[in-house]
Each structure stands twice: as C-alpha cells, then as structure tokens.
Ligand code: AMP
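Below you will find one chain, with nothing else, as structure tokens; this is the form predicted on its own, and questions on how it binds or moves follow later.
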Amino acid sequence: MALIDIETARALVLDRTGRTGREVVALRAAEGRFLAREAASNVDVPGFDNSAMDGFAVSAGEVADARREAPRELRVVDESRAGRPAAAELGRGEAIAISTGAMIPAGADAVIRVEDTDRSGDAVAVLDAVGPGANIRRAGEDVRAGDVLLETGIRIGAAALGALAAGGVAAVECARRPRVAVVLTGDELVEPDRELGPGQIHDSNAYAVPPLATDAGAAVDSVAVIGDDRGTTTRAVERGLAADALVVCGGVSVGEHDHVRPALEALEVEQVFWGVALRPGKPTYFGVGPSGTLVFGLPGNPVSAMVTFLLFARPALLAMQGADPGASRVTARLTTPYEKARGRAEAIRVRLGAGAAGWEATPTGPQGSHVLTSMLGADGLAFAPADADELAAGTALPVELLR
C-alpha cells in the first residue's frame, strides 16, 4: 500500500469536491445552515431614537444646573412606553416618563435616570444634570438599512439569527445541506441494547459517525449496518451512491472478509487514494462515484473512524456548503513530552488550555486506536510529524479543532 501524507490527501479530497447548490430557507429553519449569499438588513437598527434607561425624557438645557442640593422641578405630562410612544410633545418646564427601549418624544434631547429623580404625583424633581444625548440610543446606531449583516459562508447561529430578525430578514439563501449515507460493516456488530455473544461488540460507529456529519451541516439520509457479505455490501454501497457523500466504516482493507473496495470497483467508483501515512487511520480510502458522489472508506476501529472523518470527510462537507474547510486549525504547544513511532504522522487527542504563550495541548490519556475514551474531553487532534519519534514538552504542533 503506497501511503500519502495527510495534507496531500486533504487536497485531493477538496479538489474533487463541488458545491451543493442554494435554497431559500425561512429564518426559523436556518439555524446551523451556511449562507450562500450575503444577508443585508432591511431596516435601521434601532429604527428610532430610544431610551437606554427607565427615567424621564427632558430637555438637557432645562436641567443643566440641577443637583441634589438644588433640584430642578418639572411637570410630568405624558409617558412613552415600549411600543406605545408618548402623544405629547415636550414643552418648557415639562418631562415625559419613559421606559427602556421606548421612543424619545419630540422636543426631548436627553433622558435622566429614574435613580436621579424624585417623583411626586405629576411632578418630578431632577437631582442631577445631563448633557444632550445622554442615555439615548440613536436610530441606526447598530445597523443601517442595506448594511451587510452576514457574509457568504458564515454558519448561522443564535447571534446571527437575532441580528437577521432585528434587521427584518425573514428568509436567507443558504447552501443546500449535503446528503450523507453511512454504511457500517461487520458481522461482529450488535446494538447497544443487545447482549453480546462470543466475538461480538456493541456498534459505536453507528452512534458516533452520523453526528459528525450533522455537526458539519450535513443531513444524514440513512445509516445501514450490514454483515461481511459481498452481495449485501455491494447493494448497500449502491444505495449509498445516491447521496452527495457516502461514508463506509470497516471492510476497506485487503482481508478475505473486506468487501468494500471490490464493491466500489464493481460499481465503477474511481479510487483517488487508498492509504494515508497516519496513525490512527492508515487504510483510509477516498473515491468518486459515477454521478459525483464522494466516497469515504474509513477504518472500522472507532477512534480511527472518527479521526479520519474529521480530517477528510468534514472538510469536504464544509466545502460543499461554501464554508472554509481550513478554519478549524490552531497551533498549540505540548505540555508534556510525547513518544511515537517514526514513519507516520500521529493524531494525538488533546485538551486545549490557554497558556502564557498561547494555546497549550495536553494528551487526553492513552492514545491507542482502540481507546475510544481518548476522544472524551478532547478539544482537538494535534499532529505529530511522521519523521519524529520523540517530542519535547513545549513543541508547537498544528491542532485540528473537533468543534
């Protein structure tokens, strides 16, 4: 098996990755989607001058000399509430009670905090001076109508949804979610609620891999668990080729019971590479189906499956949606020495923390490819170079963020 390095493999995947197209999505359904066209505000935000405080709208000039020892007394003539502006226009010697977020009445140019007043019936004593503009939020202070709120490729989260709604945007143009089919192979696999027989294991990949696709913005069309049988494998793969991406876990090596690559060959899937100089994840496969489906053949080992999905399938799913597939990398320094075998790069599961000189990476514990708990609490995958066998504490490594 001729092995290629991680970056070459990623480049080959991205080189064969196309875009999924666009669709208009209602704002309530847009969480987690990627913008395919920039979104601009339809209105000024705020839409009118409004109060930043509960208090009284006043003319700053009339209270310029107010102080606790010599209050300035004004007559309260109206109230401006959120959603119910005052009807009256402010005159000399007058104040208008106002709530936070309420429209500033005509004639007022400042708001005095309620804490700096003493009201008695229809009169209010102003105990402190304010200048023009005090405690007023100006119309368009946050956003002007026509301002771009979000750029293309941005993933829509809670803050983005709030900003879009405030800007009067009811729907946005998003990338279509890539459709993903997942196939898990192995006679030994059983559901978590079943008792294990001799040689059997509970199927963790069926529960760990689909959420990785969802986290990358994809829609998982199907999850099929099949035995080690040539005909069954071929039929499952053929069904999966109807999706934008097919992820097969297990059966990609050369053993007597590994049927995935023969099935892919029979279905005319073009092999782009098979074998990456990576630990864990050496027997990773990537190909392209006759209709353009991206096919990822991942090792069946649970840690290897997760690592290789994150390194190769996730960037492709992001790129399909117009997102930056390389935005999830940082540099961090090891907090402890680390030993590895030469010949392949190693993805070390690490926790990240802030140090005096930047990010620090601490291995999560034993790093064997069978140790699934090494993924628990991991923030990223730190890449030890293939030609290294001993890394000193303080060594700077690239880290692929898991989230």
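Numbers follow the displayed sequence, beginning with 1. None of the values given here were measured: they were computed from a predicted structure.
Note that the form predicted together with adenosine monophosphate isn't included here; everything after this is about it.
The putative spot formed by 244, 287 and 310 is not touched by adenosine monophosphate in the predicted complex; no residue has a non-hydrogen atom within 4.5 angstroms of it. This chain lacks the partner; the member of 240, 299, 178, 167 within 4.5 angstroms of adenosine monophosphate in the predicted complex by a non-hydrogen atom is 299.
Exactly one listed residue, out of 201, 148, 219, 87, brings a non-hydrogen atom to within 4.5 Å of adenosine monophosphate in the predicted complex: 201.
For the chain shown alone, residue 277 is not a contact residue for adenosine monophosphate in the predicted complex, no non-hydrogen atom being within 4.5 angstroms. In the predicted complex, none of the heavy atoms of residue 172 sits within 4.5 Å of a heavy atom of adenosine monophosphate. When contacts are judged by a 4.5 Å heavy atom cut-off, residue 188 counts as touching adenosine monophosphate in the predicted complex.
Taking the partner from the other structure, adenosine monophosphate in the predicted complex has a heavy atom within 4.5 Å of a heavy atom of residue 250.
Residues within 4.5 angstroms of adenosine monophosphate in the predicted complex, judged by any non-hydrogen atom, belong to 203-211 and to none of the other stretches in 138-146, 203-211, 120-128, 107-115. Taking a 4.5 Å heavy atom cutoff to adenosine monophosphate in the predicted complex, none of the residues in 209-233 make contact.
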